[in-house]
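One chain comes next, on its own, written as structure tokens: the form predicted alone.
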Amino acid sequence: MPITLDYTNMMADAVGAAYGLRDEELTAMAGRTREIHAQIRQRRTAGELPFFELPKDPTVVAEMTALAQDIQKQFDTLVVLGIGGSALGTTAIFNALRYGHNLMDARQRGGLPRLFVLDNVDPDGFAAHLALCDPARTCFLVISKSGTTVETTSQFLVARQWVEACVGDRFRSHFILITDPQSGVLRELANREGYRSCAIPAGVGGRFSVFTPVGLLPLACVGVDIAALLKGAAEMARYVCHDDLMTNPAYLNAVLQYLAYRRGLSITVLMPYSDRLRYIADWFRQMWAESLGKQYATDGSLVHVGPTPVNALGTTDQHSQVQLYMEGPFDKVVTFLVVDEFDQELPLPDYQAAPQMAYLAGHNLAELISIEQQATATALVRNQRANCALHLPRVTAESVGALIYMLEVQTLFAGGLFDVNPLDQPGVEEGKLLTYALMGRQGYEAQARQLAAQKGDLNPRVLACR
């Protein structure tokens, strides 16, 4: 299997009894694991967890490949308009498997389009990206399951006007709407005005949607082998869809993180030692935070639980964050993402003019980054800091697909451990409703009045540097 979990440095015999775990603690979790697994299996059978089945869809690869080939013939730039789960998975896999793609010229890209994933409404950033594109040669994927995501809706309105000003009535051919299969504003718009569209399968939430057209279409457009990506995920399913804790890496890693949290290690650091995997940590940060950070337990009781995810990058953050991890509060557990074999090695030459560098001769950068990860892990152990490592033999479509699927299952299972619903995001929804009120959306007048009254009750405290 292309993923291995090394949890040696999570255990008490490595980092001490205060923050390390004992074998009997893991053994004691076996019964709870079986209970949660039975609940998951029951929900899968009832069709309530369709993301589990996405890698087995027999038609999606052919459909996305055909549509991608059509896009490749017409456009030289592809822009994803989406936010959160509609953007982060695509960015993570694009960076992992097509690293540096947008920096290549058309010949180096093999004629494939550039890909920009625009997940913010910063007007300067959005305008700067549009300025890099030719509206006559740009295709937009507009991604929102509800069709009401205010950021994506706003991006769409700006992009639509921009393209229409260039190509006139042909602007619709520049947009593909990826949304709910039956309902919502974007679905209605696709049906009424004739936009091309793709369906996000019913019951698949945004942060679990990368193996749907949300991720597969843009990735196929830039040359990612989506069949291999799904194959890796499907192969990982064999290892993470059973109830034996000690042989299920998704369940075991969730239990390790959960037990560490109960010991006060409430911050979960994911630290890839690979530039290509750095945005996997961004994707996971949303997965872990939005799924597990909850005010209420499943029985409605007030709990305020959830580990705080932090992304870091090795070796870069050895020179920034690691100082805090090594000597700061005992509130973190570090998970390294390790690549065992890089595509390049880059040997270090012997530089006689600088004797202080002589020790580097005969080594290479691939060896150096591996040794630096091992040194960081060892230093953490010496300071009684719990850490573990997920190893990928190489960065390939199969291994990345497997990793994504494993972390999805790990997160869902962790929801059972924390006794929260890992599929909702009520805190996010509250912010959306307040945004609607402040922007003057019809039907939210009462909330707007409440906000105005709340603001009027406050005593402003503002320091302006003038």
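Because the structure is a prediction, the values reported are computed rather than measured. Numbers for residues come from their place in the sequence shown, where the first is 1.
Missing here is the form predicted together with a small molecule; even so, the following discussion is about that form.
Residues with any non-hydrogen atom within 4.5 angstroms of the small molecule in the model of the complex fall in just one of 351-359, 268-276, 246-254, 286-294: 286-294.
At least one heavy atom of I83 is located within 4.5 Å of the small molecule in the model of the complex.
Contact annotation: S146 falls within 4.5 Å of the small molecule in the model of the complex, judged by heavy atom distances. Residue contact with the small molecule in the model of the complex: Q425 places a heavy atom within 4.5 Å of it.
Taking non-hydrogen atoms only, R207 approaches the small molecule to within 4.5 angstroms in the model of the complex.
Comment: the small molecule is not present in this chain, but in the model of the complex one of K432, R441, H37, R44 has a heavy atom within 4.5 Å of it, namely K432.
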